[in-house]
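Just the one chain here, laid out as structure tokens, in the form predicted on its own.
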Amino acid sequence: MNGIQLIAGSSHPVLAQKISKKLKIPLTPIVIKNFANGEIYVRVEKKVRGDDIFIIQTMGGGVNDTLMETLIMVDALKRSSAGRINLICPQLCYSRQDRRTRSHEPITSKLVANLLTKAGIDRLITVDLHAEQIQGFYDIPLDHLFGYPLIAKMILKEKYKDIVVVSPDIGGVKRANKLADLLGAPIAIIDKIRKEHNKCEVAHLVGDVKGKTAILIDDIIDTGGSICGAADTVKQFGAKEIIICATHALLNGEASKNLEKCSATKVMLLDSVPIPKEKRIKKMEIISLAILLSKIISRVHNEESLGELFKWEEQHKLL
């Protein structure tokens, strides 16, 4: 492909290298460093005038520094007359602050949208937004991809029997339904009451999990308290095996220890954010987004339809 450049931010170099290898396009050299006072410096070390630029930058850990780094990268490219600036951001930060639930609160996900578009990105490609309505905050093309087809493909490969897909809360029912459709399985729902940030209280379970393989699906694992509590609840209701699946493994605090101790026998995670070795546990299996994102980059650059990558049947063939 001509006239295309891949530029990796500092947040997820491993994923960027995988995408580069899949597309057979070397990463454009870039200097990113911090001054003594914490300010970020960026310089692209190659001509970008008129080219189609794809920045690969996720926002899982150190989100404020990563967001600022992204804005500075975009500004550098804009001032260097890049033709089009596409941001590949598997995990978009502040996606859980999409509305006001109390007076005097901000809508931070809208603020992030304003910052990114004002800086100069022309297109945003992301995976499993916590709230799909965030797409409406952007006045530029936004491609919202889903991670559950990759998870479904792995589950089907493992040939589990007597599957039931479990949503850990009411808000995740749509996601659970989609995964259940792909697996040809019923769903169950855990109704929980959240009393404060990062803490919740399980109320009851709707559906039958007794003697079945329960697939718990969520978009984000932060501290792990919520999903681990859901796994233990499903176990109490008689599930014979429990598999936790998630797109964004933030794994903050005691998350890895919580996952290790909980009732789940396996934890399937996508690599939307880097998962350091010290946070990995034996029951963890990591599935890469590199193939899917490579296909998206190729199709966007060549002005081809993306519709096939949003359909399970076609995505299964392509990936």
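Just so it is clear, the model here is predicted, and its values are computed rather than measured. The first residue of the sequence shown is number 1, and the count goes up from there.
Unshown form predicted together with a further copy of the same chain; subsequent notes refer to it.
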Taking the shortest heavy atom distance, is Cys228 within 4.5 Å of a further copy of the same chain in the predicted bound form? no
Wondering, does Pro274 line up within 4.5 Å of a further copy of the same chain in the predicted bound form on heavy atoms? no
Should Tyr148 be counted as a contact of a further copy of the same chain in the predicted bound form, where contact means heavy atoms within 4.5 Å? no
Using a 4.5 Å heavy atom cut-off, state whether Met68 contacts a further copy of the same chain in the predicted bound form. yes
Non-hydrogen atoms within 4.5 angstroms of a further copy of the same chain in the predicted bound form: do Val127, Lys153 and Asn258 all have one? no
Which of the residues spanning 29 to 68 lie within 4.5 Å of a further copy of the same chain in the predicted bound form, based on heavy atoms? Ala36, Asn37, Gly38, Glu39, Ile40, Tyr41, Val42, Arg43, Val44, Lys46, Lys47, Val48, Arg49, Gly50, Gly60, Gly61, Gly62, Val63, Asn64, Asp65, Leu67, Met68
